[in-house]
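We begin with a single chain expressed as structure tokens, specifically the form predicted on its own.
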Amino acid sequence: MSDDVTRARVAALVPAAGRGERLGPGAPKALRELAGTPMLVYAVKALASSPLVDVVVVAAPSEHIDDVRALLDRQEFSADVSVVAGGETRSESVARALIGLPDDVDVVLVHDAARPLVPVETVTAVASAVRGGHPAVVPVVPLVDTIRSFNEDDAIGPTVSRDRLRAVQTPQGFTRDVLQRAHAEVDAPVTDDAGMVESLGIPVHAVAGHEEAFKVTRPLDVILAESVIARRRVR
């Protein structure tokens, strides 16, 4: 294991340029409010609160970049926070955020703004695993629903065993050189950065995720997220 990696500074990138159409009309997804506070603020605070995260870079919708900067400037964070213009796709937003990272950052986390309630412990676990020598790390949780396959004619097929299946969350963590290589070389359609890295033949390590790191994509998710926030406030 390289001493450079174990002592590496860590940056967290937040691609937050999505429109969030499944949540209905309104502000971009990252700026939708949960209990009176935009989702993006919760996400950035969770990342910045990790003792291993030094820098957070938000890739915001280009037409709302001034609003996002003003919003984050009003907050107090435990890490340096900056904002860049995001792209049309998630991958393009991550690539743009990568460009301006300080030279001394060697570990990069990528986190969905739509997972605003990720526990700080999960963020730290992912960063620590990369620092510990894994080039790519994802947090995962077991599946709880019964999973069925379907045939081409939409006829229901066999039940799929959940024993070896997991749902992948964010933040996903990488050594900087691996993530940069993935974004430079991979052009195939993938759903996340780990998929890009895996297509290069690089193994992806899993750590325990958390049920509160769910993705807020539907109106029902907003209700669940606000319930979690209310519970946290009375602890």
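Just so you know, these numbers come straight off a predicted model, no measurement behind them. Numbers follow the displayed sequence, beginning with 1.
Keep in mind the form predicted together with cytidine-5'-monophosphate is missing from the figure; the text below concerns it.
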item	value
One stretch from 140-148, 107-115, 75-83, 158-166 that, in the model of the complex, holds residues within 4.5 Å of cytidine-5'-monophosphate by heavy atom	107-115
Check all three, A16, E88 and K215, heavy atom within 4.5 Å of cytidine-5'-monophosphate in the model of the complex	yes
K45 within 4.5 Å of cytidine-5'-monophosphate in the model of the complex, heavy atoms	no
Residue contact check: R176 to cytidine-5'-monophosphate in the model of the complex, 4.5 Å heavy atom	no
